[in-house]
Ligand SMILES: Cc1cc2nc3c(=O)[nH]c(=O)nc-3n(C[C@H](O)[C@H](O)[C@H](O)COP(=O)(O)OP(=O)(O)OC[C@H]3O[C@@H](n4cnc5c(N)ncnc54)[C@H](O)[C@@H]3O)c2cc1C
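Below, in structure tokens: the form predicted alone, a single chain.
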Amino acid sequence: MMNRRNFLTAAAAAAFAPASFVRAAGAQRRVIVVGGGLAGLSCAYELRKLGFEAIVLEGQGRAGGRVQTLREGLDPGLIAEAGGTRIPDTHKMTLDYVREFGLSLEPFKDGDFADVMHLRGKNYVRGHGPEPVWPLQLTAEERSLGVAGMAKRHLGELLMAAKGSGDSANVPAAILQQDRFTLQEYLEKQGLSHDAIELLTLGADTSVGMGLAMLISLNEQVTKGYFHIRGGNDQLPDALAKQLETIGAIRYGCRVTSVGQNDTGAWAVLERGGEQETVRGDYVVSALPFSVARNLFADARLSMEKQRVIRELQYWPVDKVFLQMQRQFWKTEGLSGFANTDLTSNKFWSLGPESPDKRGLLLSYVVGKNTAKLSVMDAEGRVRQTLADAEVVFPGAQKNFEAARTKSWSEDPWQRGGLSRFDPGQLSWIPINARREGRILFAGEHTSRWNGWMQGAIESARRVVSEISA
């Protein structure tokens, strides 16, 4: 049977057979967009608004890239955000699309609930009452300041200096100045004790560059909180894809194998159904992560600097495990379902309806070197490990557990990583990642100051559109 997407895919294939790429007299410039994630979709959508002939080539059978909502295998009404999960209320470009497509928002984290910190075999509740007595060798000053006080003193001033950049697409100079250190090195330089650093960074990978850690914190600065699209964040890329599908501007199942350019045009070579085809236009936009685009540009005449960042930029491994619970029992205990831990499951989040008596999800979110233990396990092993960790942090998890889904982005052949990782000294690569090379342009979260966010994908698309339409 042919469903809607299969029908539209077949229709698009017919509409964009090779003969259709002969330019009509007086036609607008043609843009080939490689990659149907949020960046590629946004780019094609905005170019079409301006009258350009834009087509998206997507290797998978779905659009959205790293914005992926899982529903199968879970109770109806529960959704698992495998990729992009939160929308800060300061991410204007993302929220503009939410409004444009008539989508509705709900708080990502609501209610007056407390978070948990699990440290050295014991749970500590934060957010209600006085600072816990930590089982750590802290100095008198560190113990007096507590977690919030240490964060404000040793990280807050840097963030305040960076905030002066407003909505600028550039990485703030105050952050770039600290980009030569890892987070661990920077905090040691501030004079914090080893145990204070452990407490302050619980659940984090301290080998991350200090600049990237601060950029992530700056990009998360909010006034009212985080939001989530009711029914699933994949509705945003789906809304963009629907606009493009109805005019035959997406071709699914088209794996691009190379991109090239000359003085008069640019092209993408693709494989589809065992056959090879060359799609030509005036420009090509690469909206793929560099992790899967490294070998595409042999004929692209790129600068040496560009070739280097494409070759060397690394991506964070990201693992998520979603545990469906019969009840959101943690809420009856005044807990949010959010936790930072020193366990294999470094972070826990929760997703579900407001009532604690209804089913919900506890999910572990593990990033960076902390995924090493999970990477040697199969899906069942990851679920067992996560459930065991959940029972430690939220007793009652095993009794309420019903089902699970998992997602490992490093194992996804279309992504090979969850988000771009900039090691110390590499934040200055962002403008190089973004820089156009003749008739080939680049979009994606790795080309944006808002790296790792849906906002970054959308911002990068807006930049590319302005470069093409200038």
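Position 1 is the first residue in the sequence shown; the rest follow in order. Everything numeric here is computed off the predicted structure, so don't read it as measured data.
Keep in mind that the form predicted in complex with the ligand is not shown, yet the notes after this line are about it.
K.L.:
Contact check in the model of the complex: Ala39, Leu57 and Pro289 versus the ligand, with a cutoff of 4.5 Å between any heavy atoms. Do all three pass?
P.N.:
Yes, the whole trio is in contact, each within 4.5 Å by some heavy atom.
K.L.:
Although the ligand is absent from this view, report whether Met150 comes within 4.5 Å of it in the model of the complex, heavy atoms only.
P.N.:
No, no contact at 4.5 Å.
K.L.:
Spell out, yes or no, whether the shortest heavy atom distance between Asn433 and the ligand in the model of the complex is within 4.5 Å.
P.N.:
Output for Asn433 is no: heavy atoms all beyond 4.5 Å of the ligand.
K.L.:
Please check if Gly260 has a heavy atom lying within 4.5 Å of any heavy atom of the ligand in the model of the complex.
P.N.:
So Gly260 does not count as contacting the ligand.
K.L.:
Hey, in the model of the complex, is Val34 touching the ligand, heavy atoms inside 4.5 Å?
P.N.:
Residue-level check for Val34: yes, a contact with the ligand.
K.L.:
Can you tell me which of 276 to 284, 376 to 384, 75 to 83, 180 to 188 lies within 4.5 Å of the ligand in the model of the complex, counting heavy atoms only?
P.N.:
Correct option: 75 to 83.
K.L.:
Have a look at Leu236, Met214, Cys254, Val321 for me and say which one sits with a heavy atom within 4.5 Å of the ligand in the model of the complex.
P.N.:
Spelling it out, the residue with a heavy atom inside the cut-off is Cys254.
K.L.:
For the stretch 412 to 438, I need every residue with any heavy atom inside 4.5 Å of the ligand in the model of the complex, listed N to C.
P.N.:
Stretch hits, in order: Trp414, Gln415, Gly418, Leu419.
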